[in-house]
Every structure is written in structure tokens, then in C-alpha cells.
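Here we start with a single chain on its own, the form predicted on its own, put down as C-alpha cells.
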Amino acid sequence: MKSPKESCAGKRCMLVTQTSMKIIAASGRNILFLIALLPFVGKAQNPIIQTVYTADPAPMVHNDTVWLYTGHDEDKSIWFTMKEWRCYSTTDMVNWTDHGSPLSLKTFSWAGKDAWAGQCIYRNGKFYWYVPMNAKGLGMSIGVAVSSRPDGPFVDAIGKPLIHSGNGDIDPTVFIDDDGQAYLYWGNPYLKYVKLNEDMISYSGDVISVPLTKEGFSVRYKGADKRPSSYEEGPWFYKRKKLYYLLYPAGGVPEHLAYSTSTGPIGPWRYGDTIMDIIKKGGAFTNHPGLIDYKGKTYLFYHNGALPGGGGFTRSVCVDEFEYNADGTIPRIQPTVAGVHPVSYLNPYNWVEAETIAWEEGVETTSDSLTGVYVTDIDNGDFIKVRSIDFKNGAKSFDANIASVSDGAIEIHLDNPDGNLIGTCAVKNMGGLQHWVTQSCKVKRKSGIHDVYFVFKGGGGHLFNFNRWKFDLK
């Protein structure tokens, strides 16, 4: 995978230091957006992933954890160039742990290109990930991968496409109803569905095309001669109480988000309204919804083009909270830079993976078979922000698992990159970037809830790799 550092996705075009701001490289459009972002420095949470470009969010709640499955836009793309899918998780909605890429085109022997929008679901002890791709000699098709773990690795479940109806087989969404019947919807320019069997890797009956009527999906004001309704692609199937919701990008390009509802899982559908307008500042010409309930709150996931170097083919996943109207309708949701509030606090006294990040400036993540995912490409002045850490009565020491070929340091600041310095952990040359050693330092005792900034210091070039960390009461 080409480093996003070269196109300003992971290695940020804007680095905010203690005393200055330096714009390294950005298009005029991105400069304007970043200037607009300046008042939010230190408060920004959207986009929620900054190390790579991510698109087409598909959140899933399992065992008190939110798992987020995304596509991955390659750097400097001028088309939807996507070769793998990625996985992240959180228990607080603000710090996201990177689990790398547990599924890619290489998983499917029959795949050619185009690892586009998919969704993962749990059933009977396994996780089923439905993903579209351009099958060799067949065109766009939908496959299904399976794993015993939400973070994979996933394997091809059937060795061939599950869906190949001949046209528009992209963007699957999957849902299991209260009676146990599972449904798979998908499609562009059409909307289709099948009833999945209990094994989740086959289906019964025919592929059904949903009538895209004015009553069900409104009308298209642009290109109405080519498509009958506002529905475009990327459906998201969801149920609340006794009402079924279908969210989707709508209206043509550029897309907004809209929804329709039904009293049954196969319709008839009734058009609701727009739920998110076209994102004009830092947007992309596409969008893609994902909706979950978690810890008593409801969240809409979507994507934009707001990261430096971002745009219609280099997108980034965001999330915002909303509340339903009293009658069950969805309000107009405004995309924000600040994002959402934490639903719990992080415990710093257990080991925390370094790739658990709320915001970062400058770093990348990578992985290998022995260590798993870790933080790399760390240069002087880069930092990682971890939100809402509960120090309780206060820590006394800090441990960091590091691999290094040069000397450096991790400064530990509270609440801002140049905030209260509570400790500096010296990083010694360990003689190799895969030679992992835990190094420790004392910290000033601070109690309560704080954001923590790990600010990296050292000479020129990449300093070290960072695997995990924890504070200690002793």
C-alpha cells in the first residue's frame, strides 16, 4: 500500500505545532477548508480516521463494541480505485482502534478490481461480510466473506459470486428481521433484494426489483429521463420499533442522503425526506449512510472529502449523533467538524493499542504478522490525540512499547498539543524497528478526565514505531 504521507492523507498537509502552523502541500480548495478548520483545532473529530482515506461506512454493534467496516480509497485516485476493505472499533465513539485490512480483493480468486461498499453482520457465531467487486469476465458482482472474529481475517465463503444479476450489483446492505429472516438489498441504478437463507451464504427465490416510484422514492430533478426516482445507490436497511427504514444516497450527482420507510421488510416503500443535504464545504460528490443505535444514542455515519488531498475519489468517514422526531421521522442532520461526545471514558491503566486514535497529525499505521497493527512513520512534531481518558486519582508512571533505530522522546501533554506537560518518556535506540522494548518514565500526578496528546520529538527522519501504552498508579 502506498503511503498516504505522499498525498497528505496520513502525513498531514497541515501540521500544528506549539508555536506555528506550516502548510506543506495542499490544493487551493483544501487550503480554504483547512483555514476554516483552524478554530476547531484541538476539537476536531470528523473525519474520524485520518491515517488513510476511508469511504462507505458500515457500522455494526456487537458485544458492546462498535465495529466499523469501510472501503479504502487509494492515494491520488482519479477514479474509485479501491483494493481492500478496512476495519476499526470503538467502545466510546471517539477513539477508534485500527484493525488494518482483514479483507481485500486478493481474498476472492475470482475478483478483478473495485473493492466497493459492503456491510458485515453477525449470525450464529460467525461474521458475514457482503462486498461488491468487479468479477473477472462477469462485471460487478457481490461476494460474501466469513470469519469467526469481527476483525477477521475473512475468507471467501463460497468461492464464487453470491449475486450476479447482470446489472448494478453494488453496495449491498444486510439485515436480519425479528423472525430470523435475513434480507440483502443492493443496487445502482436499480434497487433489488433477495431473502437470504439461514446459512447466510445462499438465498431462496428470485432476485426481486423494487419499484422505484414517486411515492416510494420521490422524483429525480436532474437526469429524470434516465432514472425514474431520486434513489441513486448505497442503501442501508434498518428497523426501529415496527418501522423499516431504507437510507440511501439520492438525487443524482452530487448526492444528498434521503430515506424511505415501510411497515414490512419488502415494502411498499413510502418516501420520507432528505436527511443530509449535499455537503458543499469539504464534501465529496458521493455520500453513503450507515445508521446504528449504541448505548442509548443514535448515530449516522457518512463520508466526505475533507482531509487534505481529499475529494470525490479520496473520501473520509465521519459520524454525527441525532435524535428521531416524536413521530419516528428522521430530522435534517447537519454534518459537523466537532463530531460526537464520548459515551464512556478510556481506562489508561490497561494496555491500550497505539493505533487507538481520536485525532492524529503526521503518523501512519501498518501491520505485520507478529505485532499486528502499530503506529509508524513518526517524525518530529507529529502527535496522537486520545480523548477522554479517566485518570481517576492520578497516574505516577507511563509505559510505552517502542521499536527504534534512533533516540527520541514522547512528550505527554493534557488537553492540547502544547498543554500541561506531565511527563517525557525518553526513547532509546533499540537497534531495530521490529525490536520491541517497553520503556517507562515518571509522570506528574493528574486526576480526572483529560484528553492526552502524545507529541513525538527527535531528530530528522522517522523516529520509531509505537505499539501500545499504559499508565500506572505506582
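Each residue number is its position in the shown sequence, starting from 1. Quick caveat, the model's predicted, so the values are computed rather than measured.
Just so it is clear, the following notes concern the form predicted in complex with a small molecule, a form of the same protein that is not shown.
Participant: Please pick, from 386, 82, 352, 142, the one residue with any non-hydrogen atom lying within 4.5 angstroms of the small molecule in the predicted bound form.
Facilitator: Residue within 4.5 Å of the partner: 82.
Participant: Find the only residue in 95, 286, 229, 376 having a heavy atom within 4.5 Å of the small molecule in the predicted bound form.
Facilitator: Exactly one listed residue reaches within 4.5 Å, namely 286.
Participant: Which is the contacting stretch out of 320 to 328, 165 to 173, 352 to 360, 392 to 400, given heavy atoms within 4.5 Å of the small molecule in the predicted bound form?
Facilitator: Only one stretch passes the 4.5 Å heavy-atom test: 165 to 173.
Participant: Would residue 74 count as a contact of the small molecule in the predicted bound form, using a 4.5 angstroms cut-off between non-hydrogen atoms?
Facilitator: Taking the distances in the predicted bound form, the answer for residue 74 is no, it never comes within 4.5 Å of the small molecule.
Participant: I'd like to know whether residue 244 contacts the small molecule in the predicted bound form, with contact meaning heavy atoms within 4.5 angstroms.
Facilitator: Because no heavy atom of residue 244 falls inside 4.5 Å of the small molecule in the predicted bound form, the answer is no.
Participant: Is residue 116 part of the interface with the small molecule in the predicted bound form - any heavy atom within 4.5 Å?
Facilitator: Heavy-atom contact with the small molecule at 4.5 Å: present for residue 116.
Participant: Taking heavy atoms only, is residue 233 within 4.5 angstroms of the small molecule in the predicted bound form?
Facilitator: Yes, residue 233 sits close enough to the small molecule in the predicted bound form that at least one of its heavy atoms falls within 4.5 Å.
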